[in-house]
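Coming up is one lone chain in structure tokens, specifically the form predicted on its own.
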Amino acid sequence: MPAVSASAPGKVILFGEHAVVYGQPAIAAPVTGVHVKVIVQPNPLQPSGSIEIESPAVNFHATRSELPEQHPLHILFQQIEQTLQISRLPAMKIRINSTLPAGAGMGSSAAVSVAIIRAITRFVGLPVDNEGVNRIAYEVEKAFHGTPSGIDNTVITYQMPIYYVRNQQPQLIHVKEPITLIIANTGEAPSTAEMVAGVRQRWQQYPQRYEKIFRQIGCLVESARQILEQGSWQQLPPLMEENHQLLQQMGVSSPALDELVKSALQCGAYGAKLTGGGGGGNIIALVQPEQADQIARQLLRQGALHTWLTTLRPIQEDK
């Protein structure tokens, strides 16, 4: 068997984080400027089922036999075997290379899963379609995050802007005009699982208050989808501001996130909000393309650890 590789992008949530866990819609988009690449090669000197995993970016090296049963990678290999209906995968070496920051709300765990699933299934000659990849990746996300919404694995699997409602088929969003975003990282790496669990605890304690917030966010998502598809992006900034304020009320923002949002607006961004699980991680800022580099540099000077640019494009521009 020859070596096989596969890659997967990062993602950002544009609107709807956290509320999506409670049945509300969300909008997310892939970030192709960062990615996970997985290389699978045969390891003929080892017995069937032997898997060696190496990820230099996080200084990780282990064999499958060394992984605890509840480790996400152990679950991933089991899920692949069950899906392919094989008793054991062939002996292999897996190398994971990533430019995606861990714990920054950009879907690093889902990207790793999707890239591994695609690489392994191609390696054994039994590639899995998007629906199968997404299903396996969601099972692994449960091991990473407890009660994930499913949006990370979905947008990364399909690699396109999507309108997403939990337990429903994702819908492609046809962006009418290019939209340029800066993603800026606070340097804090909170646990998504802990942030999700915190919201759940507060929702159980104050159900009426949180249900109202979730519904308000859901209405914002519906408005944002219409704006994206009509091309009137100038109407997005007030929605971003309101979504950020609702996330603050939900208790998932942080002083670093709030300061970075404020800085982005002062630097010339049209709109800005936190993205992802919160507690740290990233913000997104809506900018004019010609101002993007300048604003990104200013954000770095004002405390951002890293910045990335991404553009949502109409489908016809990618042809």
Ligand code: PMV
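The model shown is predicted, which means the values in this text are computed figures rather than measured ones. So that there is no doubt, residue numbering starts at 1 and follows the sequence shown.
The protein also exists as the form predicted together with the ligand; that form is not presented, and the subsequent description refers to it.
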property: The ligand contact at residue 13 in the predicted bound form, heavy atom, 4.5 Å; result: yes
property: In the predicted bound form, residue 186 touching the ligand (heavy atom, 4.5 Å); result: no
property: Partner proximity in the predicted bound form: residue 30 to the ligand, non-hydrogen atom cutoff 4.5 Å; result: no
property: Proximity of residue 299 to the ligand in the predicted bound form, heavy atoms at 4.5 Å; result: no
property: Contact residue in the predicted bound form, chosen from 151, 217, 119, 133 - any heavy atom within 4.5 Å of the ligand; result: 151
property: Stretch in contact, per heavy atom within 4.5 angstroms of the ligand in the predicted bound form, of 192-200, 177-185, 125-133, 209-217; result: 192-200
property: Sequence-ordered list of residues in 1-23 near the ligand in the predicted bound form, where near means a heavy atom within 4.5 Å; result: 11, 13, 17, 18, 20, 21
